[in-house]
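Take a look at this single chain, the form predicted alone, given in structure tokens.
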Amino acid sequence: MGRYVLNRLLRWIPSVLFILLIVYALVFFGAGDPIKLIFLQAPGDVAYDPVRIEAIREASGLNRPFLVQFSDYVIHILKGDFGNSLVSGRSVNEMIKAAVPVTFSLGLSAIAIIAVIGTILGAIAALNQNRWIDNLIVGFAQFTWGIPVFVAGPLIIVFLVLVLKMDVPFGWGGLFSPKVIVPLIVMGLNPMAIIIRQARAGVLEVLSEDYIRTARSKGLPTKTLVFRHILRPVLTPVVSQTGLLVIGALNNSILIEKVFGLPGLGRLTENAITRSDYPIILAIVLIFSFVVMTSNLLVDISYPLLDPRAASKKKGED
């Protein structure tokens, strides 16, 4: 297992470099000149001065060849320096440091809630197969799966404000603030359908095994049957979806943080893309890539712990 983890970690280096190279090339060749955009977005009394633009571009190092700029950026990354914003001049490190706790705490909380509630609902549906509660849970999963986040957010706000006459709080007041309840609901509705379906299918598969039928024929209580014999193998397909949940949470954070006024990485990403602020875009891409790769690695490591049959396979890979 240790060798397997080390091999996966070593594969990160070329993967991250390749991702950075692609993104850097995209923003370098196709995202527009950020220095010109700064002047275009400036107040009307600021004159468009090509000479000044070229001087700022030279001071920022943006007039050098592509490979020279990319190599210099990688060297700074290895030193832990993401550079400064081209628009505000602020340190990207400080901006990321302020935004990371908001996005990560919100995303991790949403994933935990999705996994727990989705697994419970899926297990309840499977244990009551073809009954009204099964149809209700499956119908709920299908309904939420068909509503994208950019539709669910405004719909929930409209329902709370116009129908229930509630004041929807916006902004960030900490993870345990009432302000994050609605964003958590919006972030969790759509992906929860995946967990419900996976958990339900997993429980139904386990219930068809011979040892489960034998345990039932011996009169083993349903509660003991679920927690001792069913839950552990069912968690394997559920955990396998964690990587997708992480990707979905990162993608959805851009819209959710914009709608609800949350000062996280999603909102920072949206502002950086709008202004073609290269250093911020590259820093967030690097962070998101690291998070996704870490989550996938943790999922792979958890397989032998949840399913002993996977342990022998991992030993063969080591």
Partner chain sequence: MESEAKKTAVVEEKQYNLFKDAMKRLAANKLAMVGLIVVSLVILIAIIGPMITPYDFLSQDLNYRNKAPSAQHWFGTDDLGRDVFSRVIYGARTAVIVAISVTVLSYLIGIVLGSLAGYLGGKVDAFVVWLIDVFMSIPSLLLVIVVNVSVKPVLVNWMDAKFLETQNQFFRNTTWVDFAIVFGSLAFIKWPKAARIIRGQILSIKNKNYVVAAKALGVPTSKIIRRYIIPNSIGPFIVSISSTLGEAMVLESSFSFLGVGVKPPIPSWGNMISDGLRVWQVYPHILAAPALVLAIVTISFSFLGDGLNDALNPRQWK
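Positions refer to the first chain, counted from 1. No experiment lies behind these values; they were computed from the predicted model shown.
Only in words, not in the display: the form predicted together with the partner chain, which the text now covers.
The stretch that touches the partner chain in the predicted bound form, counting heavy atoms within 4.5 Å, is 150-158, out of 150-158, 180-188, 119-127, 78-86.
Just one of 112, 100, 133, 247 comes within 4.5 Å of the partner chain in the predicted bound form, counting any heavy atom, and that one is 247. When the partner chain is considered in the predicted bound form, residue 69 lies well away from it, no heavy atom lying within 4.5 Å.
In the predicted bound form, residue 302 stays away from the partner chain, with no heavy atom inside 4.5 Å. Mapping the unseen interface onto this chain, residue 298 falls outside it, with no heavy atom inside 4.5 Å of the partner chain in the predicted bound form. Not displayed here, the partner chain is kept clear of residue 62 by more than 4.5 Å at the level of heavy atoms in the predicted bound form. Taking the partner chain as positioned in the predicted bound form, the residues of 260-278 that bring a heavy atom within 4.5 Å of it are, in sequence order, 269, 270, 273, 278.
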